[in-house]
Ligand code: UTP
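What follows is a single chain, given as structure tokens, in the form predicted on its own.
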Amino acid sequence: MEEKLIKVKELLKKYHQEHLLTFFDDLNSENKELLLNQILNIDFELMNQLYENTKKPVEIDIDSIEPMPYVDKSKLSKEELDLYYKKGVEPIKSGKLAVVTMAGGQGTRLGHNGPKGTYDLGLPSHKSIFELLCDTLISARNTYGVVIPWYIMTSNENNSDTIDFFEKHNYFNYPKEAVHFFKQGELPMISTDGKILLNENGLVKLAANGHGGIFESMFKNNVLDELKSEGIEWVFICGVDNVLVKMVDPLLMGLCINNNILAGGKSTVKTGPNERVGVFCKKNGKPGIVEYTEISEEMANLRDENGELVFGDLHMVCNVFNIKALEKIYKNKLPYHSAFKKANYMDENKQIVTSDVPNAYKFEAFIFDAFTALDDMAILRVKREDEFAPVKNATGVDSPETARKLYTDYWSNNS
């Protein structure tokens, strides 16, 4: 450990982060080793760059943004539906599809103490979000006669609790060997003066690196190699919080295959110009997402000759990628975005600092930034009441109450 400590001290001196060892002598041997390894794993050049970026305004080239073409599922003919279904169902039945659920978050905003996926939505069945998602895989197994591999991206914070939950519930009667867990990446949080923070235990304060970290995590955890070795060609990636998600959809895959496109996404129409969501667009001719904070009121309200919003197709975080697309995305490292957040941390006097206002930066990559690495994407517009019931807020919009109603209404009409 002594040799490692010397190396760490040199590294910290070079980057003016010596404070990270302030309480080193107070730690037990296990945490001393952990702290040293944490520090050695930090990309200090990247952290310096990210900190400098917090001082720069975000530049948005509005002129490069144009509407994204889409296919409206409700307007497809029977012949088109049959064609896409036939082309999409073939790789599913051949065992060439895997699904990935991004489930690294906690249910804190919902008042839930535990991983978000373990949240009980309040249905008569008392099924958790994880079980509701698993139901779709069980249905697919019954329909297509194949067990679809399910990969779940957890975080350091909730990994053990998530696995314990699956064990306790017998993997919701889905084959245990088909369920795989891997962890999301993390980055240090930094103060407004560029110092990396320590958490309440005197270790580096880390935060999950955003849902865009999914690609790097899949590579670092050998998920992609594993998928390729199993003959998987398509991977569906979604968040954990949409309880109406169709993780196995031959129509979306068939649309991609028919048009020889390596990736596809689901969209649904915004409830109105001011809904606070990102929408599909093209940026400099490449597929992308424009956030509600990035477009003018004029663009948000712009309508076409049919009276529909020109920028009205919200990104549902329901995307399917060919393995070749995932490899291409990984080679194009995603940018990190800074978020000014409230953080508890230990200061140089060994006092725990708490704050009611944002006081530190965390850095996240967004999954939609990966789209610009692709030449094109197939966008399938679906009905909100059929496929989009997010659980994000404790009350109001996108809450358990609204998701519960959407879920109940859907299955009342489709059972």
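Just so it is clear, the model here is predicted, and its values are computed rather than measured. Numbering starts at 1 and follows the sequence shown.
Another form exists, predicted in complex with the named molecule; not displayed. Remarks below refer to it.
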Next on the checklist: Quick check for you: of 96 to 104, 189 to 197, 68 to 76, 302 to 310, which stretch puts a non-hydrogen atom within 4.5 Å of the named molecule in the model of the complex?
Outcome noted: 96 to 104
Item to check | One residue of V290, V240, C318, V248 in contact with the named molecule, assessed in the model of the complex (non-hydrogen atom, 4.5 angstroms) | outcome: V240
Checklist entry - Among the candidate residues C134, A325, A208, L227, which is the single one with a non-hydrogen atom no more than 4.5 Å from the named molecule in the model of the complex? => result A208
Item to check | Heavy atom of M153 within 4.5 Å of the named molecule in the model of the complex | outcome: yes
Checklist entry - Even though the named molecule is not shown here, does T108 get within 4.5 Å of it in the model of the complex, heavy atoms only? => result yes
Checklist entry - Even though the named molecule is not shown here, does K341 get within 4.5 Å of it in the model of the complex, heavy atoms only? => result yes
Checklist entry - Is the gap between S267 and the named molecule in the model of the complex 4.5 Å or less for some heavy atom pair? => result no
Next on the checklist: Check for me whether the named molecule, as it appears in the model of the complex, comes within 4.5 angstroms of all of K127, E385 and T402 - heavy atoms only.
Outcome noted: no
Item to check | Contact set, 380 to 401 vs the named molecule in the model of the complex - heavy atom within 4.5 angstroms | outcome: K392
